[in-house]
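Next up: a single chain in structure tokens, the form predicted on its own.
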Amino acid sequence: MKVAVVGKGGSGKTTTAAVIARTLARQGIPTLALDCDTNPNLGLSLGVGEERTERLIAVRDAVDEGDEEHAGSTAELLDRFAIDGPDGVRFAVVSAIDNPEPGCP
């Protein structure tokens, strides 16, 4: 299952995404939460904390600036750029997914 939460600014997308991710993970469903926002706060809403969220943002920025290479596959993205959050949610901050494997990561 793939779920995307979209809407206008201030409509509660981040909070909704965090609640959905943690609820699914608590039910034993493998859950990956990707924060693609230009102002990424999903890590805070998931409960991973400010320091860990800021580190992921720094990695995302390094990729954007060319100081770090993009991941070539979903598995590589998870290995290099994701962390484990509360309730078993796997979490990453990303900006673009170039040439993903068939399907959406």
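On a predicted model such as this, the values are computed, not experimentally measured, just so you know. The numbering used is simple: start at 1 and walk along the sequence shown.
Missing here is the form predicted together with a small molecule; even so, the following discussion is about that form.
In the predicted complex, at least one heavy atom of Lys8 sits within 4.5 Å of the small molecule. Of the heavy atoms in Thr15, some are within 4.5 Å of the small molecule in the predicted complex.
Among residues of the shown chain, Asp37 is one whose heavy atoms approach the small molecule to within 4.5 Å in the predicted complex. Per the 4.5 Å heavy atom criterion, the small molecule in the predicted complex is contacted by stretch 37 to 45, the sole one of 74 to 82, 57 to 65, 37 to 45, 23 to 31.
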